[in-house]
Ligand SMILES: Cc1cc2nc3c(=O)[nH]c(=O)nc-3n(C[C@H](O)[C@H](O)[C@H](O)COP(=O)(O)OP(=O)(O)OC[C@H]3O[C@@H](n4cnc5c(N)ncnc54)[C@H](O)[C@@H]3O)c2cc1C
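Shown here is one chain on its own, the form predicted on its own, set out as structure tokens.
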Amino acid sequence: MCPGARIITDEIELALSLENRYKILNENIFPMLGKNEQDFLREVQQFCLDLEPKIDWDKDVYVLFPELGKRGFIQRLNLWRDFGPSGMFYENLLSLGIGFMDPELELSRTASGILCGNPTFRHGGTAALNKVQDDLMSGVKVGCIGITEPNRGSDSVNMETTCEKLQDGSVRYNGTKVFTTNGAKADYFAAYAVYDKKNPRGTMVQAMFKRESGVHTERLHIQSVPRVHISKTIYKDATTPADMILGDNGQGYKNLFEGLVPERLMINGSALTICWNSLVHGIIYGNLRKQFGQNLLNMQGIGFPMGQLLAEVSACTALEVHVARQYDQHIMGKKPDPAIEKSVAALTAQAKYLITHQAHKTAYEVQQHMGGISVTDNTRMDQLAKVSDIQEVIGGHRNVMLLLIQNQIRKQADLLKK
């Protein structure tokens, strides 16, 4: 488990096994799940228990993608082939299973399966896009999404990447994207551009590109996730045919914002995994580690804060359960009622703010309770804390979520005028 010097005791190392961590997770969340949901989570957990001994932690996560693909575990938001059940709630359960085993793999597979793969379910249908979908879902190819640019972070609509329509119906992109998760290893790129920078909403395009179509990448060295390749992505006369266009002439703008809700719900599920994985580490370690002749959790300075973390993480879980089920019931695969769609979008932003911040807080606080061993490779805590940094930023960082929530509050004043 740890290539560095080993200082953890045999008793605690054995107790922190993936199997034991799953047991404590299940004790806490199974009361929120139906039988079919419990069975699915157990299936994912057994898969991970079988896979974990085969993981080489010095290698990139992408060598594991084909193993996920064999079981339909690249994603479970959409039904692919006969791999059911599916839906946002099952996608969140998949995150709980995969993320407990390997949080870097969890980050990478969602970027490929959801951010790049979901548009092929929602806006695909051509033979070419069906081929992309099969390649991604089977894990034989890697995907990514291109939205953020060097000068366009929160202001993603007013992007600088431009495109032009060619006579044969294909589109040509020129521009640069950054923070492209999986980009340096990706085979497929779901990217956005505009025909007219003065009218981005009316001219935005979403299209799928192959690497060989003129896409070049440069890896960004982000130390938080050394096994995940995040890149600067350059589109220089990159050209893709008409049957790889996912949204044209302003439809790309609608696709972009339609995709934000499932993207953020997916991120919430991954962040909850960090919450629970960190918390379970603290529960196990605190019950076994002794100082001054007693277990750490018997000390109020540790036991009380751990109790508070459990209450907070449980509340965040209940919120995500509610919003994910609302998404499945009212939006997934349907033409939703605008009022319900607006409500789910608002709750999703609130949940994204709370849950990703809670992931960062929980990992940090548990590290403080565990002490020095938590920053070594003797446990998974250092890895969890680093991935939590990424989760709070992607999909709209904390202040972007607060801006959205502030706008929700301001608009409610209109009710007083009626």
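The first residue of the sequence shown is number 1, and the count goes up from there. Quick caveat: nothing in here was measured; it's all calculated off a predicted structure.
The same protein also exists as the form predicted in complex with the ligand; that form is not shown, yet it is the one meant from here on.
**Student:** Please state whether every one of the three residues 29, 96 and 279 places a non-hydrogen atom within 4.5 angstroms of the ligand in the predicted complex.
**Tutor:** No: none of 29, 96 and 279 comes within 4.5 Å of the ligand in the predicted complex.
**Student:** Going by heavy atom distances of 4.5 angstroms or less, which of 17, 399, 408, 9 would be at the interface with the ligand in the predicted complex?
**Tutor:** So the residue touching the ligand in the predicted complex, by this definition, is 399.
**Student:** Specify the contacting stretch among 243 to 251, 172 to 180, 307 to 315, 285 to 293, defined as having any heavy atom within 4.5 Å of the ligand in the predicted complex.
**Tutor:** Among the candidates, contact is made by 172 to 180.
**Student:** Taking heavy atoms only, is residue 132 within 4.5 angstroms of the ligand in the predicted complex?
**Tutor:** No, residue 132 is distant from the partner.
**Student:** Could you confirm whether residue 329 comes within 4.5 Å of the ligand in the predicted complex, counting heavy atoms only?
**Tutor:** So residue 329 does not count as contacting the ligand.
**Student:** Tell me, yes or no, whether residue 393 is in contact with the ligand in the predicted complex, where a contact means a heavy atom of each within 4.5 Å.
**Tutor:** Yes.
**Student:** Residue 222 versus the ligand, in the predicted complex: is there a non-hydrogen atom within 4.5 Å?
**Tutor:** Residue 222: yes, in contact with the ligand in the predicted complex.
**Student:** Any residue of 143 to 160 with a heavy atom within 4.5 Å of the ligand in the predicted complex counts; write them all down in order.
**Tutor:** Counting only heavy atoms within 4.5 Å of the ligand in the predicted complex, the contacting residues of 143 to 160 are 145, 146, 147, 148, 153, 154.
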